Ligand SMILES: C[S@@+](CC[C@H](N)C(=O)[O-])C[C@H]1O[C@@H](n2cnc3c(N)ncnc32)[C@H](O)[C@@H]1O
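Quick heads-up: it's one chain on its own, the form predicted alone, in structure tokens.
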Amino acid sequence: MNLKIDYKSDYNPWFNSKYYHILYKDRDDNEAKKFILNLTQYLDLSKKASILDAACGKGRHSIEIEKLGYRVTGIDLSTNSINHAKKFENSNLKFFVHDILIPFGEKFDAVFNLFTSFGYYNRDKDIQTLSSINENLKENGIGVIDFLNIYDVRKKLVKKEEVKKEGIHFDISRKITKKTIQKTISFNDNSKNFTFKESVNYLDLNDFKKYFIETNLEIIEVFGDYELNKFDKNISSRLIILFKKKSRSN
């Protein structure tokens, strides 16, 4: 039996699956810690600053941000991820199941969207995501989107691989189309065959610039890696965009 997952709804159930957490259980926490330290030092936010971690997953970035003294709210649509993250809550760190497409109802000094957590809906909803971020920002607030560099992805694309985690053999295939970067994950567990898919929009810096023209936000800086080196599409591993609200005079 081959169990196919229904992707008609906007939210991909793969991200709430236990298998997603098995496959990606070895995320690099040290990398996340270093990036957060570099980013917060660069932004030079007040220690009283409030930060929204939009699409926070299991909260690994949120946890590191709060350790630096900030008040942090993490949101994600995955109940499994948020249930895990809630184990780390304290008076300055809270997690909620919430869609990044919908304003949270609170204003923040900064909104972070990290580790390629953007572009999993259709492109029209990319604009809606940015509009929601705009609504979540205070007047002088700063936003950060940490996205992949599609040129680096294309250059280093591994079309097929097998990964074994917790006794499960994950067969992974990848392809790039004109509009998306797609990953198919197939595996067998308890005599059942599963197939899940990930699809993120194929966006380069010019695409983001076009998005920002349509919003009340403007790009102020672009970095190419977690050390915050300048972005160069030919060599950068990431596309990290810093932005703010447009001034009222614009």
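Being a predicted model, the structure only gives us computed values, none of them experimental. Position 1 is the first residue in the sequence shown; the rest follow in order.
The same protein also has a form predicted in complex with the ligand, omitted here; what follows describes it.
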Quiz item: Quick one: does residue 67 come within 4.5 Å of the ligand in the predicted bound form, counting heavy atoms only?
Solution: no
Quiz item: Does residue 183 reach the ligand in the predicted bound form, with heavy atoms at most 4.5 Å apart?
Solution: no
Quiz item: Taking 4.5 angstroms as the cut-off for heavy atoms, does residue 172 touch the ligand in the predicted bound form?
Solution: no
Self-check item: Partner proximity in the predicted bound form: residue 133 to the ligand, non-hydrogen atom cutoff 4.5 Å
Solution: no
Quiz item: Which one, 128, 116, 122, 80, lies within 4.5 Å of the ligand in the predicted bound form by heavy atoms?
Solution: 116
Quiz item: Picking from 71-79, 174-182, 155-163, 133-141, which part of the chain touches the ligand in the predicted bound form when contact means heavy atoms within 4.5 Å?
Solution: 71-79
Quiz item: Considering only 83-100, what residues come within 4.5 Å of the ligand in the predicted bound form, judged by heavy atoms?
Solution: 98, 99, 100
